[in-house]
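Only one chain comes next, encoded as structure tokens, the form predicted alone.
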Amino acid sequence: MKLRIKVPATSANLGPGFDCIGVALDWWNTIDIETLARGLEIECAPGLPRDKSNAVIQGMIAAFEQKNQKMPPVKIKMDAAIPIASGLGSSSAALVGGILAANAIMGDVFTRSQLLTLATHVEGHPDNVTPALLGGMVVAVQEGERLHAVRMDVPRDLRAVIFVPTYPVLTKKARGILPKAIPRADAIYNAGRTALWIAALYERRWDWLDFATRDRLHQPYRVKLVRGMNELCDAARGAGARGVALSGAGPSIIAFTDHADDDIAAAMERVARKMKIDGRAHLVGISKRGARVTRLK
């Protein structure tokens, strides 16, 4: 059996929606998988593991174990277009790709709900894996073993400008820097802005996004790990961005716009050069489609 799995990049949190809101981006990883008679072969970019610690393999193993089956020998070729350790869901894309590959090899034994729950269980939080699977914007909330995921379409006029620094930020480190407890005022601040994000999406009130993308739960602490975060956000707002946030755990910065994409990209790159931050701005659409599997043979 030969499969091709395409999985989109994702941006999580979007400011205040920590660990519960994410959006799929029109920026894709491609994973080709072929079952073999024996062995394990992995072709991937330098720096990615070529053994069972690879996230694609981890996803496959988890799916097969869920059905009390052993993973067959496979050959995997990964075209990883999504930057690694940049806050754009690269590890989630690999994990989702592996789970979908295993599901296809077993004959589509999982429902969509089961796929979402399994991916969330393996990843540990749903904000990247759910939009990677479903596309669009997803609000996902865990309640014990249950996962509630609501998908929403994002109008075509809302796009993203993402500045991606060349240096990585590991998610484990970015989570470790967060405090164990937060003030009540900060919780109220984020709850209101998370609700406003959803209201802005439904009403297409992009002028609300400047308020809706503000955060007090994680960005003020992660600024220590993301050089120039505040300056890049201010540059994007000054160039016309509707709202700006740290993408996932960073270091990428995502700006939302319904106009002036090039101006925003240029402004962010100009500030980056001034601060001697290597990186590049990318103009990216929001993807309505989530991950998809094509059977090649």
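Note that this is a predicted model, so its numbers are computed, not measured. All residue numbers refer to positions in the sequence shown, first residue = 1.
Note that the form predicted together with a small molecule isn't included here; everything after this is about it.
K.L.:
Just to confirm, with a 4.5 Å cut-off on non-hydrogen atoms, which of Arg204, Arg175, Arg156, His121 contacts the small molecule in the predicted complex?
P.N.:
Only one option qualifies, and that one is Arg175.
K.L.:
In the predicted complex, which of the stretches 245 to 253, 259 to 267, 65 to 73, 33 to 41 has residues with heavy atoms within 4.5 Å of the small molecule?
P.N.:
The contacting stretch is 245 to 253.
K.L.:
Using 4.5 Å between non-hydrogen atoms, is Thr117 touching the small molecule in the predicted complex?
P.N.:
No.
K.L.:
So in the predicted complex, does any heavy atom of Asp215 sit within 4.5 Å of the small molecule?
P.N.:
Outside the cut-off, so no.
K.L.:
Mark Ala24 yes when one of its heavy atoms lies within 4.5 Å of a heavy atom of the small molecule in the predicted complex, and no otherwise.
P.N.:
Because no heavy atom of Ala24 falls inside 4.5 Å of the small molecule in the predicted complex, the answer is no.
K.L.:
For Arg193, is any heavy atom within 4.5 Å of the small molecule in the predicted complex, or not?
P.N.:
Output for Arg193 is no: heavy atoms all beyond 4.5 Å of the small molecule.
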